[in-house]
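To begin, one chain is listed below as structure tokens, in the form predicted on its own.
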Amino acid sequence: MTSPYGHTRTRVAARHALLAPDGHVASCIPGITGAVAVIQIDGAMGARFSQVLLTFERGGRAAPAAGPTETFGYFMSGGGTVAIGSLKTRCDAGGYFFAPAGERWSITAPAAGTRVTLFSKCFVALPGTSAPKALIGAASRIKGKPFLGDPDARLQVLLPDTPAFDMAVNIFTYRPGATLPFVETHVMEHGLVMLAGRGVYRLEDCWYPVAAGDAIWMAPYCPQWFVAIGKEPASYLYYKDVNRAPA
């Protein structure tokens, strides 16, 4: 519904941002056809990675040129065929993939309305360590583990936690009333999308109501905290940079 007074929950600050779906504007991205592409986070905001939401029409296709960036993709709804080099399989909602830098990837034959969130960054090699390999998986196969011993806040780790990977992507699921146990402040940068439920996110000294579909950027050292509210569990998918020496 259009607001007659220009109201939005979206807020873009110097070191954090909340981007609500009511402000989405499509962009043209080379290699992507038959899909609405919304760039939610990128370097123009001050981030060191990009977060893009794709919503496919039937017959749409994503096949960007290979380059120095690595890409993680998560199927928020619908499904499609993912190919990375010699790997090729069908992904449904909850499916995900990782394409290393320098390897072409594609999404073809998507169901109408399929939504995919992409996280991309320039790969930082680690001397003496082989580059990470392509993978395709499903969140349903990853068991959620209690975060710091709290069974009401469960973490699913989607990428291998090894030095080869310089990015991590996880799913956090909270029962109503569950919270992060403390206000986190750390060097890792975050990109995040709410998958389900509602809650309140603290970013620096601001508290924001959030719901499914909202995207969030957190710069390094941005104080952050979350509480799930309502009657349904809340979950979000998030990216962070990991396993590299401090600048």
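Source: prediction; values computed, not measured. Start at 1 with the first residue shown and count on from there.
One more form of this protein, predicted in complex with a small molecule, exists but is not displayed; see below.
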- Should Arg198 be classed as touching the small molecule in the predicted bound form when contacts are defined as heavy atoms within 4.5 Å? no
- Query: Just to confirm, Asp42 within 4.5 Å of the small molecule in the predicted bound form by heavy atoms?
  - Reply: no
- Task: Please run the contact check for Glu57 against the small molecule in the predicted bound form: heavy atoms, 4.5 angstroms, yes or no?
- Result: no
- Is there a heavy atom of Leu180 no more than 4.5 Å from a heavy atom of the small molecule in the predicted bound form? yes
- Assert contact_stretch over 186-194, 61-69, 43-51, 25-33 against the small molecule in the predicted bound form, heavy atom within 4.5 Å, equals 186-194
- Thinking of Phe98, Phe119 and Phe165 as the candidate spot, does the small molecule come within 4.5 Å of a heavy atom on all of them in the predicted bound form? no
